Structures are given as C-alpha cells and as structure tokens.
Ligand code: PMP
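Shown below, as structure tokens, is a lone chain in the form predicted alone; questions about how it binds or moves come after it.
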C-alpha cells in the first residue's frame, strides 16, 4: 500500500456531500443540502467563454491570472469601495482555491486560527492541512454575533489569523457594526491576518463591511468567488486580494498547486463582472423570508437570516442529534438538510434555499408533516 502523508490522516469526507449523496438514494427526495444556485449561468457569460475558445484562448494563462481579468476585478472592487490594483489580485480555482492558498501560504505548525462558529467546515480542514490550530469561538450565546470580551478571551500570543465569513454560512447572519468593531479591536496592529471569506456578499443587502476599513488593509486577505453571485459553481474561478508583496509570494504557491486557471474561463469572468446579480439576490431574499416564516410557524427557533441562502433552525427540542434528525427526515419525509454538527452547531440543521419556489414549498410541507411525527 502506498503510504500517506500525516496531513492526509486528518482529512475526513465532507458531511455536506455525504448527506447529499444519502438523499440521492431516496426516490423523489428534495435536496436542501448544497449551496448550489439552481439558476443557470447567465447567457452572456457562456457566450464569452465560447467566443474565447473560438478565438484560440486554449493556452496557459499567467500564474497570477490574465491581466484583463485582474484589472476587471480591481475595477469591480474599487467601485464598491475597496480600492485595489491588478497587482494585488490573484485568480484562483474558486474561493476554495483562494482559501487553500491563504491557509497553506501564511500559517504553520502551532499557529492559532480563530474561527467564529458555526462555520463552513473547510476552515477546519485547511487548519489541519497547514498544521495550524483551529480555535472555535462559539457565537450562539450572542445571537451568532461577536463580542469584544469573547474575542479578547480567545486571542493568545499564538493567534495568527481570524476568519471572518459574513454573510455567514450556515446561519445567514450578517455581522453587526458592534461585532466588526470587536474584530477590529482584536486584530488591528497585531500580527494577526484577517481572512475574509466574502462569497455571499453580492447576494445580500448592503451592510457593515470591515473590508472597506483602510486601517486594516495591510493585514487583510479577501477571498471571493464567481460561483454564487453569477451561478458559476462548476466553473471554479475565484480570486484573492491582499497586499501586493503577499500576493506575489502566494502566487508562487498557487503556481505549484494549479499553474493557472483555464484561460477561456478567465475571459468569461471578465464578462461576468458586467452582469447584475441583483435579480438572483432578490430571489434569495424572498426565499429566505418565506422559509424563515415557515420554520417559525413550525415552532422551530431560527436566527433571522440577513444574507446568503441558508437558514439554521434549532431542532434540539426533539431530543435527536442533528445527524439522527437529518437521516430520519431523508428516510421518512424525503427531504434532505445538513446536520448542524458539520458546522460546529449541534442541535441545529442547515437548510439551503437553492431550489425553485414550488419545490421549496413542497419540501417545507413535508418537513412540517415530519415534525408532527416526532
């Protein structure tokens, strides 16, 4: 047998994918598991990819990304109030590629990474791969927000990074002004990198945004993706923005990992940045409100989502673990959600709003009937 690296021994399969696969074994099961927009990629983006292929864009791109796309990203971010230039942009294989590059390129053994939980499980996986220490900061006691006292009690001399994911996956929470002020106080002027995972930002109403604070720019790395705002999950393109000297070094790691993102896809992403994601954002906002109302009417406490396309209801009253609850709901109701345990939020489940309105209504009808049997 071929031996494995010690890093590999720490890896476990994705719980999100596992419950999605389990749902597929039940005929007619409605999957509220993946954060996978059901919308098709807008036609102008697909047309741009086809035109790029026809024009012969089938060769290597520069390791850092096509200049045209990096310039377009810089212009896009500058317009929203985050001034940057093409030299500060690295094109990656989705936000996952950006996060992978950041964690493995800036962290090492013994470094501590504060992650407000519940949280996307990739962060803990990347901590293991980089041999850093995952430090969970439970936000449930404060309504899934952050406090100055909680952060102060969590930061140590070994803290080297803090992950900020707002709007949050899995709760849909948008961090408040006071939460972001607490983050700023915790990291400003210290050797702590602020890793901002902002993949749901464009699909959410404008709110407080710590990335726009110029005093933090020297210690901030922004990870972004084309997947969610433009329904491009299968294209696997994202970007990382940070100080130019840091991006130059991280480009070396990206080159070793991927060489470069496919050229014709990058050209299509230039077109994506000209498309307005607000119609999709409006659809998700309507669905969030509908699902929130339905869950509350079922007697399930749930933080009111302000962004992204997830809800995180509390199912602890039923005396089942979140894993047991989700398995039974798949078998008995043909509805699939993700256990909160996958996110460090036992006692909850994550419900995704990424299906059509009629399908979503049917799923909630089935879920309501299922709850009455417990």
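Numbering follows the first chain given and starts at 1. Since we're looking at a predicted model, the values are computed, not measured.
What comes next is about the form predicted together with this ligand, which is not displayed.
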Give a yes or no on whether each residue among 144, 292 and 296 has a heavy atom within 4.5 Å of this ligand in the model of the complex. no
Where, among 259-267, 165-173, 280-288, 71-79, do residues come within 4.5 Å of this ligand in the model of the complex by heavy atom distance? 165-173
Only one of 241, 161, 99, 272 gets a heavy atom within 4.5 Å of this ligand in the model of the complex. Which one? 99
Partner-free chain; cross-checking this ligand in the model of the complex, the single residue of 199, 221, 114, 187 with a heavy atom within 4.5 Å is 199
I'd like to know if residue 95 sits close to this ligand in the model of the complex, meaning any non-hydrogen atom pair within 4.5 angstroms. yes
Does any heavy atom of residue 103 come within 4.5 Å of a heavy atom of this ligand in the model of the complex? no
Even though this ligand is not shown here, does residue 179 get within 4.5 Å of it in the model of the complex, heavy atoms only? no
Applying a 4.5 Å heavy atom distance criterion, does residue 225 contact this ligand in the model of the complex? yes
Within 105-127, which residues have a heavy atom closer than or equal to 4.5 Å from this ligand in the model of the complex? 120, 123
